[in-house]
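Presented below, as structure tokens, is a lone chain in the form predicted alone.
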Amino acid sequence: MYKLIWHMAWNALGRRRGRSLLVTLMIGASLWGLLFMEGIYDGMTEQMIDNTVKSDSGNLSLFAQGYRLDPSLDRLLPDSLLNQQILRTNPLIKSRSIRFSHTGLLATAHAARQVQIQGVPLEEEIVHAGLSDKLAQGRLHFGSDGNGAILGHGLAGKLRVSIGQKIILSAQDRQQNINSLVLKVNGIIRSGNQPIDDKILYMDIEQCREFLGVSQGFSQLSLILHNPDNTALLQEQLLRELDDSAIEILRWDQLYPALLQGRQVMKTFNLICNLLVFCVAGLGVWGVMTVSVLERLREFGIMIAVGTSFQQIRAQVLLESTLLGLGGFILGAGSGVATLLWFVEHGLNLEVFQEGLQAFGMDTIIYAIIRPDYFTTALIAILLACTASVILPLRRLKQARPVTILNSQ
């Protein structure tokens, strides 16, 4: 019986090939657009988070207690912290970097700007923050004398400096004295994180300490994990093992809650888009099935007259709508995967909107991502839409009493 129902449903769709193809194309095109938007927007959000994690917060950051409210040179983490076994041998940690941060004034012959001084061990920072991929000009080197500097491209533009030029850095040291230091611009980076690009000055950490009158210590220990999903687990381990009220351990989403909210907004956006596909699929299939059922009242009357039950007719109509939905899903999912794979590899170039994107910490080339839940959610939505779309046509079929119509003809 099920084989017969399948055969009849398939033939019914084949007799109205143009109409069936149109609905399939409509569902497929809607799903393709949905998958494209989900992949690009999620990719944009994850790139913003990744830029912030690498260039600033890490998956986890350690600060001296109270440093974030009062970032003074008296609130530093001790160098001995780096010797803690949990920080040296923990298999969850992929890379770590220490940063010595302070504010200062950077001046040239053309302009002066407040900057965020970042004293770093350069080799660690290159690996940790991926600076090699962000280098726009020059090279990543502080020079043999340690008097080199690496600037964010926004800061370099405001100061109108280029590679090889001298800049004067001024800052208040630990003894409240104003010190000045001449540095040479060796490199310019473009991180995609506007606060970094517009204010950052990287310099050698030992030179930075000497300049600010500090013998030891650092402001931040940034940790990046092999698997970001283990961030909360590592935070719990550190809180338990270090057991030090003088240390503050924060996840990236605690430091930048707006980025986490952005991810949640994207999930809500994806849900709304799936709802739209549900509506498009439902309306399309409903229209086709309503017309199809009303056109075939005589056919259904004959089927009932020869002993076909209404449940079997209902199964046939439901199968027809499901085939339409599955056809649209296969078409949309196939074209969507092909499109997203291209953008995963090559990215979407938005250089024409460069300034606006950088204001929000976004890259000019957006790389898409593909998640399995895109397809499972869309498939469920389409199947539900196809099921819901035949309720009214079947109801009208039952009310029309096909046998009565047949007897009247």
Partner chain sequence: MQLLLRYSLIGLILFSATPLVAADAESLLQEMEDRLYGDTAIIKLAMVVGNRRGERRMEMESYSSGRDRNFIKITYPAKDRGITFLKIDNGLWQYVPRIEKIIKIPAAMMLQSWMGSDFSNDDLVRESLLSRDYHSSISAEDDETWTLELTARAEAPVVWGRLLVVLSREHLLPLRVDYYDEENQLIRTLEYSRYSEMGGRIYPARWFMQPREAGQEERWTRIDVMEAAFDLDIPEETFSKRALKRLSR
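Residue numbers count along the first chain shown, from 1. Since this is a predicted model, take the numbers as computed values, not measurements.
In what follows, reference is made to the form predicted in complex with its partner chain, a form of this protein that is not presented.
- Between 77-85, 219-227, 103-111, 246-254, the stretch whose residues reach within 4.5 angstroms of its partner chain in the predicted complex through a non-hydrogen atom is 103-111.
- Between the options S132, Q137, Q165, Q237, the residue in contact with its partner chain in the predicted complex by a heavy atom within 4.5 angstroms is Q165.
- For the options V214, L181, L92, L122, the one in contact with its partner chain in the predicted complex, meaning a heavy atom within 4.5 Å, is L181.
- Among residues of the shown chain, R160 is one whose heavy atoms approach its partner chain to within 4.5 Å in the predicted complex.
- Among residues of the shown chain, S144 is not one whose heavy atoms approach its partner chain to within 4.5 Å in the predicted complex.
- A171 belongs to the set of residues with a heavy atom inside 4.5 Å of its partner chain in the predicted complex.
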